[in-house]
Structures are given as structure tokens and as C-alpha cells.
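What follows is one chain in C-alpha cells, specifically the form predicted alone.
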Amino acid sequence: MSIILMEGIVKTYQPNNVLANAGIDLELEEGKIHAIVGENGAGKTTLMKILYGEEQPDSGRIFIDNEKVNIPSPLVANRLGLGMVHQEFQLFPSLTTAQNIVLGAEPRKGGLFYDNKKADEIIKDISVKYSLQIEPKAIINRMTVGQKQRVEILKMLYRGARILILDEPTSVLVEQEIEALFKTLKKLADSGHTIVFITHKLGEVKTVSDIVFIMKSGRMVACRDTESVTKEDICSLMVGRRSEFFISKSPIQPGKVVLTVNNLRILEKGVKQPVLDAVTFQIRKGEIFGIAGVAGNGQADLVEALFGLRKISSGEISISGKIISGNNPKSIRACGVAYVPAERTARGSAGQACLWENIVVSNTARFKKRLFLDIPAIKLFCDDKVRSYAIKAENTSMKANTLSGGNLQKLVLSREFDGYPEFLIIEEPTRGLDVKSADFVYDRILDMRESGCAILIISSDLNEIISLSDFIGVMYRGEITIIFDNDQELSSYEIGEYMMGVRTGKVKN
């Protein structure tokens, strides 16, 4: 039975007149799990934001239970039984689980005071009911990513959500957490909830969804029963071609040692457990070293230390024998280091700056003409980058915040890959990217490897780590607990056990 009907949804973003949704029709069935897939910029997230009241359509109609509705805000969406779990969690890190879940709809004593005990009881009850066990008094900033996601889902269920929208729900989860999430989604669907999730992982579509919607260039190109289509069929509808579901790379031909990290430690005042504890490894020329780990186990701190964004307590970092420990990012860049951050909007680009400014910001010296910048030369250079990296943009004077996630990632890559750096750090290279964009990024990374660049990749996608890396280090509680030589068949489930601390091993590199 239909619970949601969207008819003729049109959305255009100004000032660049970008058509995100071009007359889209979408029907959601009660008690079913729906997947929405498509290339970056296909309009998936925009459509779901319209359904959740975060964006307003230029035209079109929305019906819930056969009644026409207007959804001007997420608050109204909540009242209509809609809940959305975003890719970036919207939680207060210093508050407890219960306080985050009931915020804005708190149980009261005598109608006046916040009832802590009642809130804890309610959260315990609904977490058991939906098999999303969580400790009500746990502080958010001490939780794993998987636990935080449960909190987000419970927050929506507490508010009476019948329809749950999840944006890239597995992008930062390990294998075991993904399995637990899928069990939860199936249980929710069996109890009558309607689920919608945006994903780029076609294996997940086949595993958990009942119905799959395929979008392309702002249009809905297909709606299929998941059982009736293959991953290759879905990919073909998305990008107009079939994709290989593996990464083909040449045998490793390592050269001299480029990066050396020796006994690196970061201590925080008042905290017993080191943020980084005796981290030691090397990366050679023409080698990809991947680091896997549940978010919060030191990966981000390691990257910040390597790029001069975080002060280290002890240990040493060197590039080709030159010690860079304690240097600032500018001097580290001058040593031939490039950095593609996970946060491409907050750290990787300046949203209000135009494309050409973002591309040349770290290398303006090459375009100086006496006291001024040679703007025509910059424009020619950036036009070439936009073409060679297949960035979908009308011109390089557009603001960076008008690009889709995939195109913004390509913009950052075009800057950081320029000049073939000696050492390259890449965080979450394809998070949130569609198949075609991910393939493009993989090709560029492997080109860099062939050129002799030493590459460090941090990714929460284990299949990506296993496919790309020549060596894999697993981080747990600030330590690299094991390093795998990736010349063997490695199981993502086995690596997941090391990531969760279930197993430990011997580090050697």
C-alpha cells in the first residue's frame, strides 16, 4: 500500500540555474525498504531533503496517506511521521544518549522540570523494542560511529517516525555494524515502518532493499523490484555502462622509503589513554599504505600530525630522511606532501570562493606576474583541470559550494594531485561518490602510484582499502595493532575483528 507519493517535483538551484529535480515522481510502499541510487548530482539527496522539509520544491505535490501535505520544515515533517538520519550526525557530543534523543520533546516532572529518570526509562524501553540496544547515560563523544547512528535512529523513532530516510547509512560502519544495521532495518520494515536509504554501494541494494529507484541527471529513470535486477543492471541504468566491481592494479614496484613514522605519540592532558600510542610504519615510493579503523581510534589524529595540524608529544616523522615533526602545513607542503581531507566542504575547499581560486590556492606563486596574479594564465590552467578531471561546471568562476559532492571531490583532487607530490595523504577518497566518480578517483590514485608517489589512504570502506592498498594497517585505540601485506586474500570480516579490538596481531612493516 502506498504511504508516500511525490508528483512532478521540480527544484532548480540559483544563481547557476542548476536543475536538481526535473519533474520527479516517487511512490513509497508501507513496510518496504527502498534504495535510491544514482550518480553524484543526480538529485537524490535534494529529493529526500524536499520530502523532509529541508528544501522547498519549485513545483510538485506530496501526498501522505493519500492526503496532500505541505512540508515547510523538518519539524513539520516529524509531526507527519517522517524522520531523517543524515550522513553527518546531528548530535550534541557532551550530552548523554537519552538527552540527545528526547531533546525538544523532553518528559517533564509536574510539567516543569526535565525528568532524567523518565527519559532514561523511555530510551531503554524503545531501544529494546527496536533491538537498538544503547546505554541511556552514555556520553555521545565516547561512543563508536555505529552507536551514534543508533542514537540518531532512536531519536526519530522516539518522535513517532513511520517513514525513515537514511543518507549513506553505512559509509562509516565496519562489516559487523553494517550487518546489525540491516537486521534493524528489516525488523523496522516488518513492524510496518517504511525505509528509504540513499547509497552508492550496489551490494547493499541487493542485500537489504525491496525496491530500488535509479536517478540520473535529476530524473527518475527506473523503479525496479530489487530481486528482478542485478548490480550490473543498476549500474548500467545509473551511468549508461556496465562497471567492473574490482580494481585492477599492476604489481607493486616500491622504491626508496619516503615516509617514516617512528614511535609517534600524542597525549592529551587529563586523559590516560594516548590519542596515538607508539605508532610506527613506513611507506615507500610507488606504494599504497591503507589504514583501516573504526572512527575515533586515532586515524584523524595521525593525519593531522603528519600534515602539521596537530602537535605531537614524542616520536618522529620524516619525508625522504628530512624530519618534518612539528613543522607547519606550509613547510610540510614544501617538502612535497599533498593532502586530500575527508571533510571536502569544511577543510578541503572554500565554498564561497570560485573554482579557480580553490584550484590554485596552494600554488599561487607559479602564476605571479611581477606583483600581480596572471589571471588569464590561471583561467587557462583551471579550465584544463576542469576538463581533465571531468568536473561538471559551467565555468571556473562558479562558487565551489554549487558543486555536487562528487564534483567537489574531483576539484580537491585536481589541486592536490597537481605536480605529482612525493607523498600523498587521502582520507575517505570516495565517501558518498557514485560508481562512475569512484572509478575516476581510483584511476587517478593508481596513476599517482605508477608515477612513484608514496600514498597513505584512510578509509572506512574496507573493500576500498583491500582493493587499493599494498599494505594495510589496522588502528585500534590509537595504536596500529597489525599490518597486513596485501599479497594474499584478505577478508573484510577478519579485518573488522581487528578494528573492533576482538583480535590483535603483531605489527611488522
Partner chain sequence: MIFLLAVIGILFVASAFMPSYIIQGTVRMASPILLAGIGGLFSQLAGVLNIALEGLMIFSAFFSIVAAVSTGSLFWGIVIGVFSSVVLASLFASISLGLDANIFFAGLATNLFAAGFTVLLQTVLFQEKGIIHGTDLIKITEINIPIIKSIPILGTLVNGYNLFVYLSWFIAFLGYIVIYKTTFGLRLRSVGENPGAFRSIGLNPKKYQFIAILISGFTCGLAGASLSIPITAFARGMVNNRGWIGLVTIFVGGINPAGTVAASLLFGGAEETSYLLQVSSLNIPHHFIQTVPYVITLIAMVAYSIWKKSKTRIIKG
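Numbering follows the first chain given and starts at 1. Computed from a predicted structure; not experimentally measured.
There is another form of this protein, the form predicted in complex with its partner chain, and it is not shown here; the text below is about that form.
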Heavy atom within 4.5 Å of its partner chain in the model of the complex - residue from 313, 228, 250, 131: 313
Heavy atom within 4.5 Å of its partner chain in the model of the complex - residue from 277, 204, 179, 106: 106
Contact of residue 437 with its partner chain in the model of the complex (heavy atom, 4.5 Å): no
is_contact(residue 95, its partner chain) in the model of the complex, heavy atom dist at most 4.5 Å: yes
Partner contact for residue 407 in the model of the complex: its partner chain, 4.5 angstroms, heavy atom: no
Any non-hydrogen atom of residue 81 within 4.5 angstroms of its partner chain in the model of the complex: no
Its partner chain in the model of the complex: contacting segment from 208-216, 280-288, 184-192, 303-311, heavy atom within 4.5 Å: 303-311
Residues of stretch 130-162 in contact with its partner chain in the model of the complex (4.5 Å, non-hydrogen atom): 155, 159
